[in-house]
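As a starting point, one isolated chain is supplied in structure tokens, in the form predicted on its own.
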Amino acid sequence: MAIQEQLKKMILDVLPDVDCVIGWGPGPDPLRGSPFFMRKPEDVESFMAGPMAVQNPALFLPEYKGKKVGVVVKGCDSRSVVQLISEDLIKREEVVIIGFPCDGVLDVAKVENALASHGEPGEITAVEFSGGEVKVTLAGNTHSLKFDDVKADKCGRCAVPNAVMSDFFAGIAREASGVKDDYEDLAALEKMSLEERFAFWENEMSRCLRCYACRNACPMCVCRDHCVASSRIPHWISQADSTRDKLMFQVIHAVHLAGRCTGCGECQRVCPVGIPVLLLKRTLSKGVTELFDYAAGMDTESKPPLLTFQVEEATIKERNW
């Protein structure tokens, strides 16, 4: 039985015991899926997984705290669920986790860039995945793209293709690739001087619309009602269209996620102007990994280093200074 059919059966089995099951369903066009909330058996027919299961459904779980809810997750999504549980932002007994092995997800921006090279604007009428290729029908013509060329960057460094935690698991767990994140995407930034790096971020942030899509898409950014972006007491950031204020918000956002970010990449994926905001989070994640040997979202019993206290950290010998 195909994984999608297994998942549908599992969702139907779980549905009577939960308020809803969160997964993925049809989006605005064949190239895009969207978060999907299944409450009735007939809803399950529209469920879809695979390369179109792009969004992180863990985002919605804190809104259901106090209710029982099901969630379908791939590896990176499950890390967010685990992290939310470890920080007591959701209760383990209130979440039914349905996992599956992931072979990577589509990067819509890469597909659109590839199609733009053909000079064929128009409505996308069909998308098909087979044999490592993505076949996109546009303006009556079908274009074949290699899936490896248009999958999300995070998939190339993924070491967690299966759900870290699950109550039900569809398909056969994939063998871990053994890929080690070498933070290659940070290399160019780290080679810059401080002045060059600051100029880089000022240039990027000059395009920011302050739409806060990055914040709203982050499953670990749960203090939206008390966000520094809208707080007036204390007044951290003004509403002026200032590049410095935009950068200030992004730096605060990244610091709040230090040791908590699971690298799902939703913040960058949803940015309407293509600002590489994930680089800020990954810079801090790299530091946390090197200093504390900690990876977010791998264990419900462990706490992020910056949410705990030890007299002396194993890798930071203050007494020797």
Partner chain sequence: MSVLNESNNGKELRIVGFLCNWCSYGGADTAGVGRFTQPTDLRIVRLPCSGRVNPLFIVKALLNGADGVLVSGCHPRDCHYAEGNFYARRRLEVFKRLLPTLGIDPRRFEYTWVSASEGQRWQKVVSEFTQQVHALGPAKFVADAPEFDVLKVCAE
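Residue numbers count along the first chain shown, from 1. Definition used throughout: the rigid core is the maximal C-alpha set that superposes within 1.5 Å between two forms. All values derive from a computational prediction rather than experimental measurement.
Keep in mind that the form predicted together with its partner chain is missing from the display, and what follows is about it.
Interface residue among V270, A295, A258, M48 relative to its partner chain in the predicted complex, by the heavy atom within 4.5 Å criterion: A258. For the options E94, D103, E202, D167, the residue carrying a heavy atom within 4.5 angstroms of its partner chain in the predicted complex is E202. Not one of K9, S34 and E123 places a heavy atom within 4.5 Å of its partner chain in the predicted complex. Proximity of F129 to its partner chain in the predicted complex falls outside the 4.5 Å heavy atom cutoff. Contact annotation for R197: at least one heavy atom lies within 4.5 Å of its partner chain in the predicted complex. The shortest heavy atom separation between A2 and its partner chain in the predicted complex exceeds 4.5 Å. Its partner chain is not drawn, but in the predicted complex it has no heavy atom within 4.5 Å of E301.
Note that among 38-46, 24-32, 54-62, 249-257, the stretch whose heavy atoms approach its partner chain to within 4.5 Å in the predicted complex is 249-257. Residues P305, L306, L307, T308, F309, Q310, V311, E312, E313 are the ones in 294-313 with at least one heavy atom within 4.5 Å of its partner chain in the predicted complex, listed in sequence order. Core-superposed comparison between the shown form and the other one: the CA of E312 exceeds or equals a 2 Å shift.
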